[in-house]
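A single chain comes next, written as structure tokens; it is the form predicted alone.
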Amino acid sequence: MERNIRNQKMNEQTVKIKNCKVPCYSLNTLVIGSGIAGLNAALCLYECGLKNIAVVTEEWGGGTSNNTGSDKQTYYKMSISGDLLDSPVKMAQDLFNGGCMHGDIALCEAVNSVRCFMRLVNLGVPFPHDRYGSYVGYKTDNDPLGRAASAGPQTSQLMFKCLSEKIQQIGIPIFNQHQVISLLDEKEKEEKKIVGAVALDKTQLNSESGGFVLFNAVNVVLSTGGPAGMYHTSVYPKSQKGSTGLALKVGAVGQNLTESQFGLASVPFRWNLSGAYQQVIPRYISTDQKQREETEFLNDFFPDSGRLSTAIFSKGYEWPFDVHKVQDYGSSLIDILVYRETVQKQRRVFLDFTQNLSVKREEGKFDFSFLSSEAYNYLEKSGILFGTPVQRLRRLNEPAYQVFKNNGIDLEKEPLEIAVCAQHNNGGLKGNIWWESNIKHLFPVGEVNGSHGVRRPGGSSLNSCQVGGLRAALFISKKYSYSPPSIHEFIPKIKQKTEEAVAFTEKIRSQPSFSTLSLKQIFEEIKNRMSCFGAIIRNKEALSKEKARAWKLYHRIEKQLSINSTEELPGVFSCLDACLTSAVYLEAMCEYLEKGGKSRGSFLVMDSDGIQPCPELSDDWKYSLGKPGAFVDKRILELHLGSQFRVKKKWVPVRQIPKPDLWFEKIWEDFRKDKIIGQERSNE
């Protein structure tokens, strides 16, 4: 009989899998990943009374949240200052209006935004407020109101610091240097449910256990971030790889896998180049691979310095590449031109903060009067109508300058190499209003959860990951807080799958090396494929070919790969995960185009009958935009893997924003009777 384990501690035993003696830990909830989504989920579980939980992570603090940022990294929440007229429904509507986001999820993220924001404030994240206690806001991209808040360039790093300190203070167990390589599942009344996970302890690969670790868990919170390992040009930290394939392999449904955000970022030190980095109007220069033949290439495509300098300025708050900001020399034309230089022409592109733009001969020299009135007024109010871009940057946002200085790059002395990089995955795994996937007891939270849709306000991902962890914890604490089965019940359920994992590692450790590809070469193929064909430029015929090549590579790795040393074993599983994930993502992109999908969000679909980004580009740059009300805009594409890796696809209508009955007496009664958190699984 299931029993409550709120005060029970994790149990450890040793079990035998084939010839390996493997440690097995029994607990209620295993949190996979140590970013701010997972740590928040663990802390919320603890605060809900569940002590039998643990965090397992490949590298403590190695994820995106603790390693990336921007000039003024944004946290998006409902407005709580000044006289702005805002409400949860208004915020939900703005999230929903981004396209292909379910309305009930949007409402959850909006309603809980202030609760999660103030919780971070109470944990010590230094969001600024005025003398009266107002947490002031500003406008961010795709934001009609001033809902954005920021603690500076390293907002998410400060969130990680406060959450991780609290996690360690209360003593939640942390399994560091543990890479989860498989989720364990079983069927229950025709539904799949998660029952645990298999991990590799990277410090014990040569031990008697082979490094294997088993987790016997009632619930798994998957918080491993976006699929960072499958892009070459990426702002994700090199330490983050992603584990979306773990869930896809056991049949979890992915949604909106066509939708990612791409934006300009620095290459030597990975950092988003939004906000002040663009608003101070740096020069864009292109060189050959040896940094020779320097040219200010944007001048060849913009008709005058006014439109060029205004586009660069606008790139600051219109930062991600957006198909609707290309025409009329918009800010996203810059992304296309950078992509053309770096990917197609194989040149290098840099931002130079040491000099102002060169202007056309007839314009004389750079002058702020060239700017649009909006840009001019912003710079004037900020007191930076002077000097060079780096001087303006240091006056406007000194911490943004210091981020690079502290990482060995002095913008006062040297140019900064950039590229159009994968920055955030708006798609991912499907979850309901409690962030539970179609597989019971599996809760994808953070970027691995595909809740965002096509366009989202900047900073909404930080809010979403906090709301997701809270919602998952509330549901688990009310409905799934019982103890795991005994080891004697658990082992027979997972014996076959764990033995297969052990056998696979034994095979690649022992078989002679006859593969012509090294792990490094395989990763390069995966990353180059996605950056060239699955990023901001997409072509129907090319994607179809690359999808087939991705699947061929995956099956080849499974059957033929061998390794030279045990230390390469974790890389094999990361490689398989990235390859499987990329293949499924390419399936989604092909399906989208087959259904007539056109350019949207952060990618262009090439079309010889379409429109040109600008007259100065050749006809092969023509692209098409979708018409309002198109089939693909009213539905969300869901995919999952069936038997023999057969991809099953389904287009589901976008759910509208609910209009719940907010009569206090009724809700109070349901709350007192503990009816609020029910068993509903909004997955239809």
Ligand SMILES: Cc1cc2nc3c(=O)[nH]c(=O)nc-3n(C[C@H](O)[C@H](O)[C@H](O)COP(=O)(O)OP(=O)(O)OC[C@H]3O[C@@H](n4cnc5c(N)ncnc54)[C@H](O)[C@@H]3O)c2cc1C
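Fair warning: this is a prediction, and the values are worked out from it, not measured in the lab. Don't overthink the numbering: it's just position in the shown sequence, from 1.
Missing here is the form predicted in complex with the named molecule; even so, the following discussion is about that form.
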{"item": "Contact residue in the model of the complex, chosen from Leu95, Ala473, Met230, Cys465 - any heavy atom within 4.5 Å of the named molecule", "value": "Cys465"}
{"item": "The unique member of Ser243, Ser437, Ser582, Asn216 whose heavy atoms fall within 4.5 Å of the named molecule in the model of the complex", "value": "Ser243"}
{"item": "Val56: touches the named molecule in the model of the complex, heavy atom cutoff 4.5 angstroms", "value": "yes"}
{"item": "Touches the named molecule in the model of the complex: Ser331 (any heavy atom, 4.5 Å)", "value": "no"}
{"item": "Exercise: Thr29 in contact with the named molecule in the model of the complex, heavy atom 4.5 Å", "value": "no"}
{"item": "Partner contact for Gly446 in the model of the complex: the named molecule, 4.5 angstroms, heavy atom", "value": "yes"}
{"item": "Listed range touching the named molecule, judged in the model of the complex by heavy atoms within 4.5 Å, from 119-127, 219-227, 538-546, 301-309", "value": "219-227"}
{"item": "Those residues of 66-93 which, in the model of the complex, come within 4.5 Å of the named molecule by heavy atom", "value": "Thr68, Gly69, Ser70, Gln73, Thr74"}
